[in-house]
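Form predicted on its own, single chain, as C-alpha cells, below.
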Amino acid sequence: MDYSLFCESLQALLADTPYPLAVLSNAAAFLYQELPDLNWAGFYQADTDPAGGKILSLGPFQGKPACIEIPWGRGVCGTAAARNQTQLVPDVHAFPGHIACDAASASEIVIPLHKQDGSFWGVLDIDSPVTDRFTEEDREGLEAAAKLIAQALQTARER
C-alpha cells in the first residue's frame, strides 16, 4: 500500500475540522474504508473508571459493537496504553489476555496517540479477520497516520 498517498488523503480529509469528535469519526470511517481486510477500526481514549482506576473508554469506530471499557494493561489496547508503544499482533488468539470484542478478529494493530505536549491521549485500534494481516510497512504507515490524527485533534481542540 502507498502510505504516503494514504496519509495525504487522510490529512486532507481532517484539515480544518473544528470538532474533535468529527476528527475521530471521519478518521475511523476513512481507515475502515481504505484499508483492506478489516473488521474494526476506531479509538479508545484514556479515562478513569468510577473507582479511579486507569481505563480506555470507547470512542468513534467502524465495525461491530465493541467493549466500552478496557482496563489499563489488559488486552492488546490496554497493553499498548500501559507500555505506550505500538502492538502489532499477528494472531490475537496467541496474545495473553486478548479481549475478544468480535470473535472474528484474528490479528490486530494498536497505536498510541499523543497530545502535542507528548502526553498519552489514547489508542488507534485496528482489527482484521485475517491472521498476519499487518506488516512492518503497515506499522510505519499507520503510525504516521496516527500522528496526523493526533495533530488534527489538537488543532480541533484549539478552536
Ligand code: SME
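Because the structure is predicted, anything quoted here is derived from the model rather than measured. Sequential numbering from 1, following the sequence displayed.
Quick note: we don't show the form predicted in complex with methionine sulfoxide (SME), though the next part is all about it.
Note on the partner interface in the predicted bound form: the residue among 99, 46, 106, 113 having a heavy atom within 4.5 angstroms of methionine sulfoxide (SME) is 99. For the chain shown alone, residue 81 is not a contact residue for methionine sulfoxide (SME) in the predicted bound form, no non-hydrogen atom being within 4.5 angstroms. The shortest heavy atom separation between residue 28 and methionine sulfoxide (SME) in the predicted bound form exceeds 4.5 Å. None of the heavy atoms of residue 35 is located within 4.5 Å of methionine sulfoxide (SME) in the predicted bound form.
Residue contact with methionine sulfoxide (SME) in the predicted bound form: residue 55 places no heavy atom within 4.5 Å of it.
Picking from 130 to 138, 65 to 73, 113 to 121, 46 to 54 the stretch near methionine sulfoxide (SME) in the predicted bound form, with a 4.5 Å limit on heavy atoms, gives 65 to 73.
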